[in-house]
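The data below hold one chain only, encoded as structure tokens and taken in the form predicted on its own.
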């Protein structure tokens, strides 16, 4: 079982008008096989925490460990390729690539992935063969998000980070995406961390954390 842990995490934004203390000694544990929801008002530190968990930024103080190993000892790009799958509100698919090609792009440390494997992942997301060669502009929002989730799975990452993945979707499609994320945690044993403003979606999580003024409660 993979365990992602944050210990006394601090992060500041230095701006012209002063310093913003985005994270103020955050502590928390995230285990595989569970769906976590991070809620809180805008500016509370949710996205900052997710960015640090993804290795995009380094904390000012404190540390993040995965299975007891400080992630700062690993090259950030390698950590993201092998350990983390990202899902975004805006999908972030490459517009000139097909659904299959976008999934293959996410293979990261699994560069030997074949198109047939990418297609199998897309099928597991409920997409049919007719979608495989379509480019993002010819897919609905829900279909694009399924491709984005498939891309996140392509590297066999143990951690899935989702930043407002239902924000651009209608309620029914958003509920479908949440069910997929729950399945990733419960059936595939992923550690899934979801940032959301929706109380309804947060209620579906196994564990709910709330960010308030840079503190995880």
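Values in this document were obtained by computation on a predicted structure and should not be read as measured data. Residue numbers count along the first chain shown, from 1.
The discussion below concerns the form predicted together with a small molecule, not included here.
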Here the chain appears without its partner; judged in the predicted bound form, the stretch of 42-50, 153-161, 182-190, 65-73 with heavy atoms within 4.5 Å of the small molecule is 42-50
Decide whether residue 201 counts as a contact residue for the small molecule in the predicted bound form under a heavy atom distance cut-off of 4.5 Å. no
Practice task
Give a yes/no on whether residue 205 approaches the small molecule to within 4.5 Å in the predicted bound form, heavy atoms considered.
Solution key: no
Review point. With the cut-off set at 4.5 Å between non-hydrogen atoms, does residue 9 touch the small molecule in the predicted bound form?
Key: no
